[in-house]
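A single chain comes next, written as structure tokens; it is the form predicted alone.
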Amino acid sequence: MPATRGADVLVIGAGILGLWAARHALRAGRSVIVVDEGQAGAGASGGFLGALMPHMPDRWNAKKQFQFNCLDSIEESIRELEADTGIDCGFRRCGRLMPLTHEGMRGHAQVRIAGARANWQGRYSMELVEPPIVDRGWLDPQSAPFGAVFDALSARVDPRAYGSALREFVAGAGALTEGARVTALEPAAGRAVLADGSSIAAATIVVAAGWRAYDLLRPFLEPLNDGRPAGRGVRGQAVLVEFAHDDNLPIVYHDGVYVVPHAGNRVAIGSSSHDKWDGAPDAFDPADMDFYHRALKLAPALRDAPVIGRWAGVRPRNTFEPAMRAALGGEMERLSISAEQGSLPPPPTGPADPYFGPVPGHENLIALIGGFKITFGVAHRAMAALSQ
């Protein structure tokens, strides 16, 4: 007869969201089992970028407030994790430069600067950097003919070191099983079935399996989503280059291209984004390098920097239909969890927004479905409710 294990909390997926959920539950004194069909910290969580960047601070709303709360508090959470594990996560409040490529962008920049002044609580600045931009070739003046915007809120973290620290904590305080695939969820019975026929019983089941979560959650989410899939995988690529620097450089970001300086004379460059792809999700495509060439135009100092790492992976992107957003919003309101409390974000308002919370009709089934580009910056608070 297949074996059955049990715990207070079962977390499916050992990426950044799943490991943080497990950490919160463990610190609250709950027993936790984490399973992942691959390796902990791999997949979308195992890239190079680690850019922690805010939404633009104009047109403020509850979602932006939640993200601000997360970015404001992340350093404290990471320092606690580092103290618990002895692993340096490579965090630095490095700031971000965004070039202005035409005159009209200056007016938009002033609106955003005013928004930062009003909404960032006086803790972080956003300012206009007048042309010409002169900074050792880190941002090409020709790429910023009308100056640039610098914000002091943006930060960076080393994704692989960060994942290693979370894995170290969770494996030491709980149970972590890699290479274990969950094939079915039975929330009414408080059980998940694995590919080997065994099962895990848990009072709370947390699904944080990245883009593969959509298959597991299909029986529960598609009926809410007008019968359509609740999301899709979006494939991306990035590279890591070696470039000597004093680790005082900001992130450069423009039109979907990231240049992220890291400690140890490393710079991450990304990323591409494709809804459809051929081959394995993590197979690097050398023909898909437009993002890299565009980055070299932004930061010409990197033109001779050797490429020392290549990454490809798939990120989740929600495609919530209006019916599903209404259902999820109703569940969030019923639970009276607000963005100001910082435990969960507000109900989804757009089709690609993240969703962290119970699946309607199944209070013991929690979905942690990432925010595509913002997950690393909010993961430490996405499931803080498990510690309450």
Ligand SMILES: Cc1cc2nc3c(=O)[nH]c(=O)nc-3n(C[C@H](O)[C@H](O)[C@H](O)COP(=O)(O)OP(=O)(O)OC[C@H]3O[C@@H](n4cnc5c(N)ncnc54)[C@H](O)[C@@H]3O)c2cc1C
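Residue indices: 1-based, along the sequence shown. Predicted, not measured: the structure shown is a model, and the values here were computed from it.
The form predicted in complex with the named molecule is left out here; the points below concern that form.
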Check your understanding: Would the named molecule in the predicted bound form be within 4.5 angstroms of a non-hydrogen atom of every residue among Pro99, Gly147 and Ser154?
Key -> no
Check your understanding: Counting only heavy atoms and a 4.5 Å cutoff, which of 359-367, 55-63, 35-43, 22-30 contacts the named molecule in the predicted bound form?
Key -> 35-43
Review point. Which residue, Tyr253, Trp120, Phe169, Trp311, has a heavy atom that falls within 4.5 Å of the named molecule in the predicted bound form?
Key: Trp311
Practice item. Mark His380 yes when one of its heavy atoms lies within 4.5 Å of a heavy atom of the named molecule in the predicted bound form, and no otherwise. Key: no
Review point. Is Ala208 close enough to touch the named molecule in the predicted bound form, meaning at least one heavy atom pair within 4.5 Å?
Key: yes
Check your understanding: Quick one: is Gly163 in contact with the named molecule in the predicted bound form, heavy atoms, 4.5 Å cut-off?
Key -> no
Practice item. Answer for Arg92 alone: is it within 4.5 Å of the named molecule in the predicted bound form, judged on heavy atom distances? Key: no
Check your understanding: Relative to the named molecule in the predicted bound form, which residues of 46-73 have a heavy atom no more than 4.5 Å away?
Key -> Leu49, Gly50, Ala51
